[in-house]
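Below, in structure tokens: the form predicted alone, a single chain.
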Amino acid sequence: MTAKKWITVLALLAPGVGLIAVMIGTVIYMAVAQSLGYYSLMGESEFSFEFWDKMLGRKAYYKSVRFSIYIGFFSALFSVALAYPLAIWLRKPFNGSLLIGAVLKAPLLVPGLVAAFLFINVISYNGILNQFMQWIGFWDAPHRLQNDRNGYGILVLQTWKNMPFALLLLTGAVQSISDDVLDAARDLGAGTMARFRKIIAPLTISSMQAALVIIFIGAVADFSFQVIAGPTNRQSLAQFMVFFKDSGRWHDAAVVGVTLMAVALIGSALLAFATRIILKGGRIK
């Protein structure tokens, strides 16, 4: 492209991309600066690593980082793992496929906070699940399922909420694969898993990576599911940040916020890279 064409392209992109870049850049700058002692809401503003030193010395901080990564990684993995077979199943239209697809995407219309409250009502000590398990004779007494220490409830909610989004991305990618390619692989003796590993997954890797990255970022930074359905003995980074904010410790909250952004960025890059490396041997040559 000539210099004149580049200038034209940049001029067309500037109103949208420029605004986004300025807004994101401002947020990142403010968070980093405040974590280093600037923009103090109480007292003097001065450059200091004090808040990072104190935070890095807290065990609760490292527990929050590990817990957030755990929730983000498995939420993304489970969501994509469930979405893939459904996308393949719905690849070709059949009677009722539109209705099934609409029902599967229904969680996208339910606010996360509402979903968390409904989930708690189902699994509470006297909730629907406990009553049903006792009614069929599987349990003799109610079991405590709410706010489990391993965060399984959060994983269920995150998967239920994010699987439809992954399904949206993967359905279009799977439908774009030619029938001739799959039929040829079948004629050559490739089984279901072989066709998925060597054809479907490599040809839909971009959509897979997009789903993994977006779901990971959302799950890592989620607050509503963590507060309502999460364990009482662990805090996510989002909860940790809100705790400091509510205490008026804005610099500490900024440190956690910068950490959250770093976890989202590095985790997303590693997920995308690992996905491509794993599927490298399955690409069609």
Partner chain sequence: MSTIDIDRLEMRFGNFTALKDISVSVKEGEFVTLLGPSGCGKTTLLKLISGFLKPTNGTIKIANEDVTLTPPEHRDTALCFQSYALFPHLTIKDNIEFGLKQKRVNGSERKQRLQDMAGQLALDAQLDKLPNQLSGGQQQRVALGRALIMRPGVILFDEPLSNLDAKLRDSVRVEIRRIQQENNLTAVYVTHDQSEALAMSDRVMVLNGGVIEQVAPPETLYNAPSTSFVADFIGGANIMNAEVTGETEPGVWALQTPIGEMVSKSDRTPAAKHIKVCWRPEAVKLVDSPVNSFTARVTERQFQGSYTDLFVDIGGNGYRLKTSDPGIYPGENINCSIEPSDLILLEAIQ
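Numbering follows the first chain given and starts at 1. For clarity, a rigid core is taken as the largest C-alpha set superposing within 1.5 Å between two forms. Given the structure is predicted, the values throughout are model-derived calculations rather than measurements.
There is another form of this protein, the form predicted in complex with the partner chain, and it is not shown here; the text below is about that form.
A.B. asks: Looking in the predicted bound form, any heavy atom of His143 within 4.5 Å of the partner chain?
C.D. replies: Output for His143 is no: heavy atoms all beyond 4.5 Å of the partner chain.
A.B. asks: Using a 4.5 Å heavy atom cut-off, state whether Arg195 contacts the partner chain in the predicted bound form.
C.D. replies: Yes, Arg195 sits close enough to the partner chain in the predicted bound form that at least one of its heavy atoms falls within 4.5 Å.
A.B. asks: Would you classify Leu188 as touching the partner chain in the predicted bound form, given a 4.5 Å non-hydrogen atom cut-off?
C.D. replies: Close contact exists here: in the predicted bound form, Leu188 approaches the partner chain to within 4.5 Å, heavy atoms only.
A.B. asks: Hey, in the predicted bound form, is Val181 touching the partner chain, heavy atoms inside 4.5 Å?
C.D. replies: The answer is yes: Val181 has a heavy atom within 4.5 Å of the partner chain.
A.B. asks: Can you tell me which bits of 196 to 226 touch the partner chain in the predicted bound form, meaning any heavy atom within 4.5 Å?
C.D. replies: Going through 196 to 226 in order - heavy atoms within 4.5 Å of the partner chain in the predicted bound form - the hits are Lys198, Ile199, Pro202, Leu203.
A.B. asks: Please check if Pro93 moves between this form and the one not shown, taking a CA shift of 2 Å or more relative to the superposed core as movement.
C.D. replies: No, the C-alpha moves less than 2 Å.
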